[in-house]
Each structure stands twice: as structure tokens, then as C-alpha cells.
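Given as C-alpha cells, the chain that follows is alone and in the form predicted on its own.
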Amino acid sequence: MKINLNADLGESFGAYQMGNDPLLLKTVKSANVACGFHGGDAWVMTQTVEMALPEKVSIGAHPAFPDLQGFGRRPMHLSALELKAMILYQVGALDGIARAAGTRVSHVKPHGALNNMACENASLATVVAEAIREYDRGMILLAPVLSELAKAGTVADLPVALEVFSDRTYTDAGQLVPRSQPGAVLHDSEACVDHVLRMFEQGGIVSINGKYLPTPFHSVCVHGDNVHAAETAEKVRQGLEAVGYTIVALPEIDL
């Protein structure tokens, strides 16, 4: 059995350091690399790609709203044309760096508020999916389970990989519990492992209130900006391997 383990990486910029990317890249098999709008910059993007290559970690673009101060977590309302251009700009920038290093961007995973809004808003999700299709119709869309974004990717005839989060809890409707609410983020590595294994055992999401929502999924995310991210990723990987899963890069998953 194959499963993907991914992390949001490359979110440092200038003099500001986020996470421990070198250590995470030794554990995860796909990296969602910030493209400069919520974190990251040209040099960090280049370094992240170069570090990922010898570890055989697949590269994904992690486009966001232009919101460095809010780390891309504040909602913004843009026209469809502006949003599409914004996504193409970020994906193209990272793909140019990846191509120069001898590889390609294999997937796209929206970040923060852009991702959350696209999960609930079908029209916004359609714009995101269309932007990816116009860039490269073979590029994988990494989208949360049970989301409008995943549906839009399927309608756009993109390969869609469904994602669950190791360190975030879910509402009874299958959405992420807002970060402003208690219990939204799991900070303890062991709690993250238990959360992930429970989803695998049940074959779907288990909400913060214990509600079961069946769904397939292909990838597990560990947020790279968490101070315990590297430890959590390693323990989640060990937990999955202990129950018979092989951790592979996203392009190796059968979608």
C-alpha cells in the first residue's frame, strides 16, 4: 500500500527563518514550496528545490494570496482574472527554478486562506483548477478531502490527490476547524500520529466531535512552520510504515 507524506516548505524569506526544511526533506516525499506571496523568495525557492532533489522529494507549488504580513491566512476577494494570473505567476516562477535544476513542478497545493476559501466556494475553486489546467493539464492538484476544490479539479479533468492533515482537526462538515477556535491545531506529535492512524483505521475523517465521514485519501500533510514539524513528520511516517504503508512521492500514487 502506498501513501504520500507532504509538507509546506520554503516559507523562510530574507532574514526570516521558518521551520527546519533540511530535516523535513529527509522524511516527507513531497514538498509544497512557497512561491513568494505568503513566504519564500527566489533564493529560498532555489535552495529548497536543490535540497529536495537528492532526497527524491517531488516539488509542488504552494501559491497564496499576496499577504506576507498575514502569512497568507487572511481572506482576500479578487476577480477571477486577477486570481488566475496570480496563481500562474507563482506556479510559473517555481517551475522555472525547478526546470533550471533539472526537474519540474509536479503538483499544486493552494495555501492558507486561498485554500480554505476554495474548499468552500465552488466558483473560486473552479478558477484555481482552471489556472492549473491552463498551465499544465497533467499537473496534480493536491486538494483537501470532501472539498469543492477537489470537485473542481475532477471537473477540470486534472489528476486530483486528496489530502488529510496530521496536525489539524475537522468539523462535523469535514472542513478544518478554524485556527481561532480551541483544539484546531494539534501541537503534540503523539496526538498527530493518533489522529492520522484513526483516519486510516476508519477510512475517512473523524471530526473533533467524533463524527465519521468516509472518504478516500492519498496524502497526509504536516505543516512545516510548526516548531515540532520534523518530529511529527518522522513519527507519522513511522506509524504509517508500522501498519504496512510505503511512503512515496506524489507522482507515484495511483490517482
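Computed from a predicted structure; not experimentally measured. We number the residues from 1 along the sequence you see.
Here the subject shifts to the form predicted in complex with a further copy of the same chain, a form of this protein not shown in this document.
From the list 51 to 59, 34 to 42, 184 to 192, 205 to 213, the contact stretch for a further copy of the same chain in the predicted bound form under a 4.5 Å heavy atom rule is 34 to 42. None of the heavy atoms of residue 245 is located within 4.5 Å of a further copy of the same chain in the predicted bound form. Although the partner is absent here, residue 93 is a contact residue: one of its heavy atoms lies within 4.5 angstroms of a further copy of the same chain in the predicted bound form. Under a 4.5 angstroms non-hydrogen atom cutoff, a further copy of the same chain in the predicted bound form has residue 74 among its neighbouring residues. Proximity of residue 122 to a further copy of the same chain in the predicted bound form: non-hydrogen atoms within 4.5 Å are absent; the residue sits far from the partner. Checking 162, 97, 139, 176 for any heavy atom within 4.5 Å of a further copy of the same chain in the predicted bound form turns up a single hit: 97. Comment: a further copy of the same chain is not present in this chain, but in the predicted bound form one of 156, 145, 127, 86 has a heavy atom within 4.5 Å of it, namely 86.
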